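Okay, here we've got a single chain as structure tokens, the form predicted on its own, with questions on binding and movement later.
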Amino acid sequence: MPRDNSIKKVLVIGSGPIVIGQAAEFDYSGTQACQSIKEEGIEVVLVNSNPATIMTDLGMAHYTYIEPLTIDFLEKVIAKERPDSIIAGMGGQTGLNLSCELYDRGILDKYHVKVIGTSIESIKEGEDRDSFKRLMERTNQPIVESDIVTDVDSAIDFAQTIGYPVIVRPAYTLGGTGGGIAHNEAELREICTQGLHLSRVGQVLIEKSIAGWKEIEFEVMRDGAGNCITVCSMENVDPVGVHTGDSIVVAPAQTLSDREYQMLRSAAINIINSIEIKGGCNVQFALDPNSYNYAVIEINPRVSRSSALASKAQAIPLPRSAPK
């Protein structure tokens, strides 16, 4: 696609502190995003609270603010620097959540900052559990029997209907934070309470457990004109039930037949076309090892930890290509 010449100054929000036990893939993606945008002759304003990253090195961005990643500080930076654009999907879950909050509070409109890349509406379709469920129904994609709840009692009522064990997935969290598998009411009460507290929107998905199915991921990219490719397939060595962030993952997928591979690849492309992703996206599937049944687990409408693996495995720098 041709370059959008109306973009002169872009705000990039970093992912903040690196948590022990998590990889530094979001420093990797944010750093490449800054380089990718800069080489187009566009000014880059970077806000990141972590000075111990390559991203905040001198010269990586035109203007670097090592400040707390809060809405108040971000608004002050926007008021001072007056960027015309913000890119939401390059600073991990932290950057994504903050971009959504800036949008929801009207701060982006107030300072006439437009969202480039994947839109906030598309991000919410992927991140908000209720919207995601409706998206899958609209695109005729199978999902696990589930319900979205905003309180513990509703979660317990639904779990009694579908039976234990159940999987708890909070909305808008990173690395499965606040989620888990509950085998009884006591465990569900504990996990759900934590998940509701940690979710940005106080919302968790309760779904029937399909632990033991294969977990397959596709890293996909799409531009604003609808051109779409699947860059890499990945297979988790551990089955569904072990979070993908804790699992050994191999690329490309090793045990899929051609029919299974093409089935899931087509589903990934249909999903990101429906959601109108602009940039990188990660789609996660559960595949029954004894049949051709599959279910869409979730999508990440941003550069994720899987993007780092796919970039290295395929020698295609996804975080550098996505901003383009």
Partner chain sequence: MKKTVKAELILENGVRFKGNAFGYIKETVGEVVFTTGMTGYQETLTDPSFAGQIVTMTYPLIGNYGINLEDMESRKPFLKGFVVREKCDVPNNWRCEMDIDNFLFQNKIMGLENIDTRALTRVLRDHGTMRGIITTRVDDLTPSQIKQKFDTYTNAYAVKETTIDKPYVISGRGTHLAVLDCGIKHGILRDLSKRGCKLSVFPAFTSAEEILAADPDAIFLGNGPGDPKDIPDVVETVRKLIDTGLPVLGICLGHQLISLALGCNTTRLKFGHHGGNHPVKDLKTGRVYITSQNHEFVVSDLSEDVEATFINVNDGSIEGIRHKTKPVYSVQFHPEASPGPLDTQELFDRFIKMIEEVKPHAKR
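Numbering follows the first chain given and starts at 1. This one's a predicted model, so the numbers in the text were calculated from it and none came from an experiment.
One more form of this protein should be noted, the form predicted together with the partner chain, which is absent from this view; the next part is about it.
- From the list 228-236, 152-160, 116-124, 98-106, the contact stretch for the partner chain in the predicted complex under a 4.5 Å heavy atom rule is 228-236.
- For the chain shown alone, Arg265 is a contact residue for the partner chain in the predicted complex, at least one non-hydrogen atom being within 4.5 angstroms.
- With a 4.5 Å cutoff on heavy atoms, Pro289 counts as touching the partner chain in the predicted complex.
- Of the heavy atoms in Pro142, none are within 4.5 Å of the partner chain in the predicted complex.
- Contact annotation for Asn184: none of its heavy atoms lies within 4.5 Å of the partner chain in the predicted complex.
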